[in-house]
Ligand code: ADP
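Okay, here we've got a single chain as structure tokens, the form predicted on its own, with questions on binding and movement later.
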Amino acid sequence: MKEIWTSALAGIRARVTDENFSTYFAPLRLVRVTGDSVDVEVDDEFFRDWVREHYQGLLNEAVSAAAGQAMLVDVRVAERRPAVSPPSVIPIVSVSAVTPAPVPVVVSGGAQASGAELMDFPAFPLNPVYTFETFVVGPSNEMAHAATLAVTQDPARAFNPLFIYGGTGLGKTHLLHAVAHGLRAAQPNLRICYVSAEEFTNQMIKSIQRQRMEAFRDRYRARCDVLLMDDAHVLAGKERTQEEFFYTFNALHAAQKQIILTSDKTPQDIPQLEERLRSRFQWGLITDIRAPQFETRVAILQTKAERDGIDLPDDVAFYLAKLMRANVRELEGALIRLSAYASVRGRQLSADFAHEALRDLIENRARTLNIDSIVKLVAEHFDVKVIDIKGVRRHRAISHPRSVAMYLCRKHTQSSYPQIGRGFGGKDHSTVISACRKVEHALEEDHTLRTEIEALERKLPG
């Protein structure tokens, strides 16, 4: 029974974004499988209604495929309730492009408002797993963790705004949810708005179409105590949205309301971002999250395994940590995939089994990741020609991408320095060594370069 559910989750994970999987599917708990029915449970009615409305079809399809016959998933609310508990609907307000059916919404002071009154601003179901307790802290993220923890303890006074940047799947959304959980526990009356930049844009467009801009502005400027915005870089190039957010930012900041923004780039590196917004994003603290180091990756795997009840031997954790280096999602995804394979095949987890189960991934990476593929990727990223990177021009617009490409080739392929030199048009091996060392030293202080390298590593084939 558990094998069917595990296999279904693995199938769903391949079809939805990592954020959606972590938020809406990971919290589902298998209760029983009876005939052609699968019962799963969640902790509150709102979460149940949200999943039923948006993902019922996907759940049925994935479980049916895993079971080899038509199955129906029934999402229920867990029967057992604590004697004293906070409201079942998390008081986090999100602006979503998809509006769920009207449900009770908890507002400031615990008063109830009908879903019809706040239809454009449905409560957002926080991921119960994304808390500070489950966030594994390491050298790559300790500053961002400390900053968000400080904001949770003293909002609008510690750092305002707080701007966190880093690549996809490194924990930025986890920290936003953790802040919301922490604030909700400490100050239940706070009105917390969690929204992505894309959702902010979509809702603004709908408000313009429906001639409800005053309600939209009131929601963000007058009825919001804490604004958590994911993917702020998506604002780039959207002039009207940037203008609206500029005045929203000013209103919240002037009222001493906490603002936390995440992005995949620093404010100065976001293209087509108005200078006045760029300046305001830099008013508070800017901190980054980098790809986790080996020891942190092992700790992440062990924490995930313990939370999910997976018996993870140390040698398997070490193997996966060496294999998956780009981001946390990739790391956890490999563990889920491996656990599903072991469950379906009735095998114990071991390093040999991990190598066998992930062989297609390893072979694909080895087959597609070579000097030419890296040079092509770097050329596209920096908008230069491959022939120039392999050529002799020393202008910085060419020499910088060339050094980055050499560094990535040395780090991610088995090629020697002489082999890399030959792949770059016959360069001497000493030239390659110098370029790699230059990049390694610069990474210690140059946050922009670090962001570039991490962005490229996430795009590497395999």
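When you see a residue number, it is the position in the sequence shown, counting from 1. Quick caveat: nothing in here was measured; it's all calculated off a predicted structure. Think of the rigid core as the biggest set of C-alphas that the two forms share within 1.5 Å after superposition.
Not pictured, yet referred to below: the form predicted together with adenosine-5'-diphosphate.
For adenosine-5'-diphosphate in the predicted bound form, the listed stretch (245-253, 328-336, 272-280, 375-383) containing residues with heavy atoms inside 4.5 Å is 328-336. Out of the listed residues H181, R219, K257, K172, K172 is the one that sits within 4.5 Å of adenosine-5'-diphosphate in the predicted bound form by at least one heavy atom. For the residues I389, M229, A291, I300, the 4.5 Å heavy atom test against adenosine-5'-diphosphate in the predicted bound form is passed only by I300. At least one heavy atom of V136 is located within 4.5 Å of adenosine-5'-diphosphate in the predicted bound form. Although the partner is absent here, P161 lies well away from adenosine-5'-diphosphate in the predicted bound form, with no heavy atom inside 4.5 Å.
Contact between P155 and adenosine-5'-diphosphate in the predicted bound form is not found at the 4.5 Å heavy atom cutoff. Under a 4.5 angstroms non-hydrogen atom cutoff, adenosine-5'-diphosphate in the predicted bound form has Y130 among its neighbouring residues. With contact defined as any non-hydrogen atom lying within 4.5 angstroms of adenosine-5'-diphosphate in the predicted bound form, the contacting residues in 143-168 are G167, T168, given in sequence order. After superposition on the rigid core, the Cα of D428 moves by less than 2 Å between the shown form and the other one. The rigid-core alignment places the CA of R437 less than 2 Å apart between the shown form and the other one. Distance between the C-alpha atoms of H54 and A180: shorter by at least 3 Å in the predicted bound form than in the displayed form. The Cα-Cα distance between H54 and Q209 is lengthened by 3 Å or more in the predicted bound form relative to the form shown here.
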